[in-house]
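In structure tokens, one chain follows: the form predicted alone.
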Amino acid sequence: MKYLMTSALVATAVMVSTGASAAIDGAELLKSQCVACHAIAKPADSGLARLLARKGPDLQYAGSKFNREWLVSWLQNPTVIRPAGVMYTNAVKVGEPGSADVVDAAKLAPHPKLGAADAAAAADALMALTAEDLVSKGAFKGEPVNASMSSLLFNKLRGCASCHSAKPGVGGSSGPELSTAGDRLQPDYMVEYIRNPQKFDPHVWMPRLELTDADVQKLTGYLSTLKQGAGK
């Protein structure tokens, strides 16, 4: 026991003298800083009341949804993904007569920023949260995309633009922006979510559109091309 205590003291002294720090536990970071707003395990309650009351999107399948590089960057410099917040009815106000409702920015709380080391540790912990029962590997076939036809499919033929924006400031605000979908989301996740949003949350308001697999693949291929700085 004396030897073990001495070793621990020596290790601590070495870290102090060299400026080194203990490794950050990403899982503990999620528990201490994220669970107040996000679910990192499958919620026991999947009812509508929980969906309406939650402060942030569920993260229990984050490793099957996000790209790690994007997570590390975004956690250090969070940008708005959901223009009207996670529950849009709580953050919109009636606009002028004849105009659409507008987002009340005062009701949107900014996401905390993490330092580089914490962001990397949190990203690693989030990427460990996978859900093979929800997202099948290889769901996206990776076929070539006809950009103009896929854009038409998104904006006009399937009505995606009524809730989402494929370009900053253009499109709906009740759903997350998709102008950075290619940076943020894994293609296999996009395929599965477009096919059946209610598989992920039985009360989510995104409709199940009953699209053909060809349309799902085209939409996913198109969204995968939407990245920060694309087209500039």
Ligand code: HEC
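Numbers for residues come from their place in the sequence shown, where the first is 1. This is a predicted model, so every value here is computed, not measured.
Note that the form predicted together with the named molecule isn't included here; everything after this is about it.
Remark: all three candidate residues (C34, H38 and L219) come within 4.5 Å of the named molecule in the predicted bound form, counting heavy atoms only. For the options S136, S148, N77, S162, the residue carrying a heavy atom within 4.5 angstroms of the named molecule in the predicted bound form is S162.
Although the partner is absent here, P168 is not a contact residue: none of its heavy atoms lies within 4.5 angstroms of the named molecule in the predicted bound form. The named molecule in the predicted bound form is not approached by A27, whose heavy atoms all lie more than 4.5 angstroms from it. The closest heavy atom approach of G47 to the named molecule in the predicted bound form falls outside 4.5 Å. Residue contact check for M127: none of its heavy atoms lie within 4.5 Å of the named molecule in the predicted bound form. In the predicted bound form, the residues of 160-189 lying within 4.5 Å of the named molecule by at least one heavy atom are, in order, C160, S162, C163, H164, S174, G175, P176, L178, R184, L185, Y189.
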